[in-house]
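Each of two forms of one protein chain follows alone as structure tokens, named structure 1 and structure 2.
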Structure 1
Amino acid sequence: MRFLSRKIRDKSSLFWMVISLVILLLMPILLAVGLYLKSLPILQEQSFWDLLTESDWKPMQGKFGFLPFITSSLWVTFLSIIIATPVCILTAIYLTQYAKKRVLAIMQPIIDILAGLPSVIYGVWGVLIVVPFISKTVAPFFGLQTSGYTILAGAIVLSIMVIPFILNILIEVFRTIPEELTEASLSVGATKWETIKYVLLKKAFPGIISATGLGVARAFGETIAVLMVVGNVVKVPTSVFDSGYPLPALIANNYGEMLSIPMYDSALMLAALILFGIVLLFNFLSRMAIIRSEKNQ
């Protein structure tokens, strides 16, 4: 009787695990299908390629060009990753290879606190500190004048936001590398930095790519903080000192307002679908890079 009871419990647990897995797999598919269905009205009137490549955004005239929003999202996201990734790698190396364990024990709660802060706090910090710094110091240094509400401001704020997420992953990546590899390298005469450069970084490279990919996904979807400092001007940016208007800011600023305009609701859903597709694409590319790097090791 006891054996039968255990068998029923095992089968019940397995059933719920399979159901959870199916739900997890269905979620992105259902999201994509829902966004596509909501985007159909505008896709039936205009070609998808024209919507992606046109720059005119005049909803009252039925013109919905997404190019300024896509390019702004790419500018802000990749500039923030360029700023954040080296900082995270060097910090993770120091905390795991040079610092005492007490320092890492102190830093981990601080990193978790930074990760848990509401994005509006970062936005306010950006408005009070980053925007004036760019308008009064950085731009004049290059002989430019700007209000400070720029792509660069959005990238700096966003880089600060994604640092805790990337750093947490990198710390775990470096901590999981076997100590035997370090000891073997040091035993043959390599210095500490040579060991880090040629052994640890090479071994951790797939994890670095994975952490960076998650940082890109996080950065692409961030809304409030970037919305507060990027300027929200509908134009294709050509410089980091230009204002921008990323896709998440477009959706957050306009959804629920002006939806009486024909096709406006569908256009915003298409913006969400484009954002969803971009994030999936970069996750796929990062996964391919991880698989290739693991094969080469």
Structure 2
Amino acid sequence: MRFLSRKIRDKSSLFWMVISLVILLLMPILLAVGLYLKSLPILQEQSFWDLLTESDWKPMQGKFGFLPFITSSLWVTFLSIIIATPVCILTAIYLTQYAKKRVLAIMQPIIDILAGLPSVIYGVWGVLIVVPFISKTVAPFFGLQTSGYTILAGAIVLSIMVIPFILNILIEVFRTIPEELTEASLSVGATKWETIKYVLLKKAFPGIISATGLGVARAFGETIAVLMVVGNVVKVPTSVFDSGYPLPALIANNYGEMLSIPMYDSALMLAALILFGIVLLFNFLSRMAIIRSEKNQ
């Protein structure tokens, strides 16, 4: 009796585990298929390439050019990565090679809290500090006039959001480089800095690329914080002091209100699908690079 009931419990928990795993594995496939099916109507009407390269966005007239949104997303993302990556590399080198253990112990919670702050908080901070800073200090310095709600504001806010994310990976990358390698380099007479420059950075290079790639994916999908500071003007930006309108913001601002306009729904789903695809692609390539470099070691 007792044995039988144990057996049943064992089988039923196995059953639940398998079901859960299957649901988890099916979810993204369902997501991708669903997004694709919903964006089919617009894809059948207009060519994908035209949608990507047109800059006219007039849903009422059935014109859906994604170019302003895609270029805005690219501007904000790459600018933020350009700010974040050097800061992360320098910090990771400092924390793993120079700093005392105690400094790392203090920095770790700071990094973790930054990583845990909700994006709406970053957005509020951006509105409070970054936007006025750009309109009152940075833009006048270049002799420009702007409200401050710009690509640059989005990029600055975003860069601080992705820093903890990239930094945590980089710290791990530098930490896993075997100590013997450093010792070998030091014992042939290289200075600490030369060792870092010629040995560690070289060894860490694939890891740095991967971390940056993951950062790009992260930044590309970030919605609320960027939306709050970037201005949301439909126009292909030509300078960092222009307002922008990234893809996630497009979805967030318009979804839910678009059901009455034909094709609008489908266009926004296509935006979500593009977002999904790009993020997945960057994640995939970066993770593959990590796995590759681990195998080579």
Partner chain sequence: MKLKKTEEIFFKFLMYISVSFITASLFLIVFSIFYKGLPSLSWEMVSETPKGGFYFGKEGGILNAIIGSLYLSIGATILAMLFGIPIALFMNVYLRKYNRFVNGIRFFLDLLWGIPSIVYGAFGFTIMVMLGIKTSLLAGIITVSIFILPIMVRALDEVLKTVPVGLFEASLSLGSTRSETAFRVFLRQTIPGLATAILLSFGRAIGDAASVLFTTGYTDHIPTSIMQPTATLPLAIFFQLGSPIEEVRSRAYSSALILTIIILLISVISRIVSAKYNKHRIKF
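As the structure is a computational prediction, the values presented were derived from the model and not from experiment. For the two forms, the rigid core is made up of the largest set of C-alpha atoms that agree within 1.5 Å on superposition. Numbers follow structure 1, counted from its first residue as 1.
> Of these two forms of the chain, identify the one that is the form predicted together with its partner chain.
Comparing the pair, one sees that structure 2 is the form predicted together with its partner chain and the remaining one is not.
> Rigid-body comparison between the two structures: how many degrees does the smaller part rotate once the larger part is superposed on C-alpha atoms?
Angle of the smaller part against the larger: 15 degrees.
> Core overlaid, V279 C-alpha shift between the two structures, how many Å?
Residue shift at the C-alpha: 2.4 Å.
> What does the CA of P28 shift by between the two structures after fitting on the core? Give it in Å to one decimal.
A shift of 4.3 Å.
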